[in-house]
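Heads up, the chain below is alone and in the form predicted alone; it's given as structure tokens.
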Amino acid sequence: MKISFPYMGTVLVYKKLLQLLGHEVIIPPRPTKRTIDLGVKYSPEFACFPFKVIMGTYIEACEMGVDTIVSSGGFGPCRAGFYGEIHRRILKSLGYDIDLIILDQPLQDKNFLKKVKFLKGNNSWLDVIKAVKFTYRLIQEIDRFEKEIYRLMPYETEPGQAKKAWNSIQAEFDQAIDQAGLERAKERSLDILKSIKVHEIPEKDKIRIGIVGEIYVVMEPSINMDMEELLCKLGCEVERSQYLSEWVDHNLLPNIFKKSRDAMFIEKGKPYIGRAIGGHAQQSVGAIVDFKDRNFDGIIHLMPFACLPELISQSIIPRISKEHNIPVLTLAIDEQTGQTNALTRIEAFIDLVRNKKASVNIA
């Protein structure tokens, strides 16, 4: 079985799980202009931007010879719940008759166990549990180090040092195949972090920016103008509202003993969006409140053009910004987004945030 997946975030974790299950894994190319052009060409015009990019990714993966693609789906008002079937039909019309396996939340997907059985192949259930447990720990560590990289990057004394360190850290974890290997990767990665030389900046002068919005455009830098790295170059610490380990916590693990971060965001967002409306709308507004509670200085709200849940979030955000006294910049992203125009808006926004904080410090 030649198997692939959508390209989103740190893809080594998807590769690692499927390899541990014994599959031949084909990593799709990082989304490029060609990926987007293919997706736009073969997608319905009204579809949201993530649908189009993922469509292009699937086509490129099929060109590489895959016969199976694994992805996640969705329930509720968001159209993402229909996208797996639409993607499958478009691929079939193009001559790619592949298995497209959509894994939804276990308690909501009556075929979840059947799909897992297909993916487990000849592995025992004990082997599957071990592989999943190892991959979950890997995801947690990767996310922890990624957060630390984007905390240090704005203060690096040598430009590019933190990015190089992040690539080295990913390479370390990519070599791990068991718990002992994971521990070695952690130790080496800590040494790599310590090697990053940074300027000492007074706490009062640090600018912290939170990124909220729909999960795909928040997590995949190739389609969001490398937003985290861009903000770091402008001197800001950055943290996202969406990380893969936290998505797993909320969607695949029971929240019996510990409330997931997404569940906390939803609670904080309920005064503004009282019910689930699909996508990550409740999480987006709740995350803004949470970032303010944690003394962040500003928010970048990323939304795919034509994303209905995030359009609703966008309409409510001015009220949240005013009530919680935190600047928010919304950027709509699609294949027509002009990067120069977006960069000008982001630079102006960061100047506003910096001046606002300076005025408060003076007062």
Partner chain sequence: MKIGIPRALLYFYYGPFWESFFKRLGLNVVISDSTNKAIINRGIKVAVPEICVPIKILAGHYLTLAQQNVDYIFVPRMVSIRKRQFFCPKFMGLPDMVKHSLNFKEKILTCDVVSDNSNISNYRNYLPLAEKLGKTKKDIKIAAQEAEKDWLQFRKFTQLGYPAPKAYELMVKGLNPVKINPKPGQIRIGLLGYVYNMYDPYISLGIFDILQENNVHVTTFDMFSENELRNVTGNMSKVLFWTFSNYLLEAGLHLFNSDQVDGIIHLTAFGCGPDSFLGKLFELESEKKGIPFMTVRVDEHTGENHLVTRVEAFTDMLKRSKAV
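Being a predicted model, the structure only gives us computed values, none of them experimental. Residue numbers count along the first chain shown, from 1.
We do not show the form predicted together with the partner chain, though everything after this point is about it.
Out of the listed residues 173, 96, 272, 243, 272 is the one that sits within 4.5 Å of the partner chain in the model of the complex by at least one heavy atom.
The listed set 263, 277, 252, 177 contains one residue whose heavy atoms approach the partner chain in the model of the complex to within 4.5 Å, identified as 277.
Contact check at 4.5 Å (heavy atoms) against the partner chain in the model of the complex: all three of 78, 86 and 314 pass.
Residues placing heavy atoms within 4.5 Å of the partner chain in the model of the complex fall in a single listed stretch, namely 86-94, out of 86-94, 163-171, 198-206, 177-185. Although the partner is absent here, residue 308 lies within 4.5 Å of the partner chain in the model of the complex, judged by heavy atoms.
Taking the partner from elsewhere, residue 319 is found to have a heavy atom lying within 4.5 Å of the partner chain in the model of the complex. Residue 51 belongs to the set of residues with a heavy atom inside 4.5 Å of the partner chain in the model of the complex. Mapping the unseen interface onto this chain, residue 47 counts among the residues with a heavy atom inside 4.5 Å of the partner chain in the model of the complex. Within 4.5 angstroms of the partner chain in the model of the complex, the stretch 151-188 places no non-hydrogen atom at all.
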